[in-house]
Every structure is written in structure tokens, then in C-alpha cells.
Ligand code: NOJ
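Starting off, we have a lone chain in the form predicted on its own, written out as C-alpha cells.
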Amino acid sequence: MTTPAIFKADDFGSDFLWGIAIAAAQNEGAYNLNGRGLSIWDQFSLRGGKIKGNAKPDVCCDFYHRYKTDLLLVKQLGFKVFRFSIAWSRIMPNGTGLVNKAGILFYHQVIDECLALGLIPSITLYHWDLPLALQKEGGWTSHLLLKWFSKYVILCMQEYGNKVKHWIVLNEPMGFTSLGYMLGKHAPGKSGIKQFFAAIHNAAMAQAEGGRIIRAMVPDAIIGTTFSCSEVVPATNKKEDILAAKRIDILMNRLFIEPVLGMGYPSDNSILMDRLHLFTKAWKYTERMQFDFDFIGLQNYFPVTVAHNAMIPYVQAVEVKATKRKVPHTDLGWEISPTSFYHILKQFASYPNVKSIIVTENGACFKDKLQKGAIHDVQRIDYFKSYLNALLQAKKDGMPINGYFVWTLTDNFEWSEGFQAPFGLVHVDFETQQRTIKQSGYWWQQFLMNIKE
């Protein structure tokens, strides 16, 4: 039995946005039904050794067929905002050109169901699942990417802009560019510094261009984009470790937010950033990376402790894992630190032009045990309590924190971790698709039930 929170949801304010998030590629399934085109994750999952257990996103949680019951769960747990993403290849199978009417209809149905239940739909336009047809033409490294993406955003606004006012342009650009185009750990599995630079620059321009399109087509829209973020801590007070931490901080926290704010790419005289500046100098429209977002979405799961290591190319830094340092961590080895959560919120809030911050993802992976039809995930409850306490302190200290979205509703396809990394408030038996609300889900229900309207 966990102790009750010493704060209430009302302490965050009556207009605070409490939400829960999912993503198309991780939840929908139905990968080859009703005209949907393949995505880069459909292909990547066929490459042996890339995803734990050789898992595939073919079915996932079957949200495509079960969205009504899943949205009832969102309502039952007390959340006001449902964040989900549109699968680009479901509405444009080839990424451009042909429009799939069945795919268009599906998202109309999800949106309509949200509205009927009194939920605010918050839609992410790109959550890592690029149409495979576009990847064959270079994907995020292609000089045509901005053209493709713009047409996709225009279609979404034409179809859904009269119903949906909350929009997120990109999900974690540092995540999909580094893991997908530099390290090869995520789809599409590419590697190399030039591909990474091209993907960075296209993503930086796409997030701003997407914002401009939404603003022009949906004047009353509330527009944001999301960034993965981690406080970066030097392993020691040695000068080398401090400089290594600064280099990693640029990559993890500054690389995409500063261009949005009109500051251009960061510079620290490192080999990596010098090459990025040289690479992008020849590209046109560098100034188009800037856009005045209504809010910035922050997605924090762990801090990163780094030490200098001259053998690591470009950054000369290496992470010192939480397990090695013997500090509290989740089952993925991610350090648990609400203090660090506070620090990274403060870091982003310190930018003068950041008007509003919504924590668009936060949550924890623990190996749950289903016993007698129940899951007593006490560790996850304690995690949420400690992080919400830090969030409330940040708000009290004057940071413009205006929302918090749990990751995630149901256990799902967790990218390269496959189905072995449960984050959900609801357990899913992937053989039967049976849903079981965890104790953490009931905790959230209790926490949110008495919010004053």
C-alpha cells in the first residue's frame, strides 16, 4: 500500500491540462488493412536482432479496432486530454499523392469519439513512423522532405482542423534523427554523420514549417512541438568531464529548441557542431527554422551522467549508467530523479521566448506481475508521486508549466524494446488483447476525480 500524495490535482490550477498519450506505430496495429501503406517500422521489424523478441508492430494493442473501449478507459481514469498521433502512411500510403479515404475516416472516428466523451484530442503529426515509400527516396535526409511533409500537414488541417485545436508537430526530433539516422538502432536503421546532419536540418525546418501551416489554416489552434530532454551531469568536477557534459547537453537539449527560438544551431567549438554548421551553411532557408510556438512539449524520463572519453568520435563523451552508479532506476536502467526533472524544466523555462511548457510524456517502465487479476505496481505509483511533486514545485517557482501527459495508456510496442517494456497504466495481454487497469491507473483515477471545474 502506498501513501497518499501530499498534494492534489487542484493544486496545479483549474485550467491545468491532465492528459495521457499514445502513438500510432506503437498502438494501432492493422498495419496492412484498409489501404494503409507500410512505414519504416514495418520494414525495420523484419530485420533480425533489431527488436527484442523479434517483435513486430503488426497488431500492437489493436487500437485500430479497439479505440472506443480504449477511449472509455481514458475517460474512466479521469484524464481530460487524449494525445495520439496520425500514421502518415495510413492517410497517404505513398507519403505523397494518393489519399486513402479509409485512413482519413478512421481518424475522424477517433476524433469524434473523443469529442463525444468530452476528451480534448491532441494530435501529433509525426511520431516516428515515416512512410516506407518516402524512405526509399531518402526519408528525412531528402531535399524533398519539407515538400512532402508540408503536403501531409495541409491534408491533416483540411480534414481535421475544424474539429481539433491542439496540435503537436514533431515527436522528439533528436530521438528519431539520432537513433534512426546516426546510430541505426531505430528505424530506418541508417548510420553516418552526413545522414544525421541532413535529418537534423530537415526536422528543424519541418517543425517550424508545420507550425506555420497550422497557424495559417487553423487560426485558433494551440500549436506545439515536443523535445526529449535530460539533465546532463558531469561524472566528476574535472574540466574534461564538465566539457563533455556541455557537448552532450547541446545534443540532447539545445539542438532543436534554439533554432525554433531564432538562436540558430548551438555552437561550442566541438568537432561535431563545427561540422554541423559547415554542413548546413550551404542549405537554403536556414532562417525558416524559427516559429513562435504556443507551447513547448517536454518529454523527460531520466538524467544522463557523462564522463570524458577521447575514444568516442565527435563528442568524446560516454554515459556512466545508473546501474553502475547504483542509484535508483527503472527496469530499463533509467535513473529515477525527480530533482533532475525539476532542473531540466528550469533549464527550458529559462529561455525568454518559451511561453508555455506542457510535459507531453513522462512515465516509468517496471516489470509488472498480473496476480489474481490485479497488478500492484507500487513502484510506478511512487514514481508518479515524486515527479508530480517536483512538477508542482516548478510551477510554484514561476515556471510556465501548464500540462502533464502520462506515458502511456496501455502497454504497447516500445520500439526496439518490443513488447518487453511496459509503461502503461493498463496492462495488455498481447495474445488475447485483454485490458487490466493497474493499481497506478486507479491511483490516477483517484487523484483526478475531484478536480474542481
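Each residue number is its position in the shown sequence, starting from 1. These numbers come from a predicted model, not from an experiment.
Here the subject shifts to the form predicted in complex with ligand NOJ, a form of this protein not shown in this document.
#### Entry: Exercise: Y64 in contact with ligand NOJ in the predicted complex, heavy atom 4.5 Å
No, Y64 stays farther than 4.5 Å from ligand NOJ in the predicted complex.
### Message
Against ligand NOJ in the predicted complex, would W334 count as a contact residue? Criterion: heavy atoms within 4.5 Å.
### Response
Heavy-atom contact with ligand NOJ at 4.5 Å: present for W334.
### Message
When the contact criterion is heavy atoms within 4.5 Å, does Y31 count as touching ligand NOJ in the predicted complex?
### Response
It does not: once ligand NOJ is placed as it appears in the predicted complex, Y31 has no heavy atom within 4.5 Å of it.
#### Entry: Contact flag, H127 vs ligand NOJ in the predicted complex, heavy atom cut 4.5 Å
The answer is yes: H127 has a heavy atom within 4.5 Å of ligand NOJ.
### Query
Just one stretch in 384 to 392, 64 to 72, 46 to 54, 412 to 420 has heavy atoms within 4.5 Å of ligand NOJ in the predicted complex, so which one is it?
It is the stretch 412 to 420.
### Message
Give me the residue from E172, E209, E231, D377 that has a heavy atom within 4.5 Å of ligand NOJ in the predicted complex.
### Response
Exactly one listed residue reaches within 4.5 Å, namely E172.
### Message
Just to be sure I understand the contacts: of Y107, F197, Y301, F176, which is the one whose heavy atoms reach within 4.5 angstroms of ligand NOJ in the predicted complex?
### Response
Exactly one residue meets the criterion: Y301.
### Interface residues of 233 to 250 toward ligand NOJ, as seen in the predicted complex [heavy atoms, 4.5 Å]
Counting only heavy atoms within 4.5 Å of ligand NOJ in the predicted complex, no residue of 233 to 250 makes contact.
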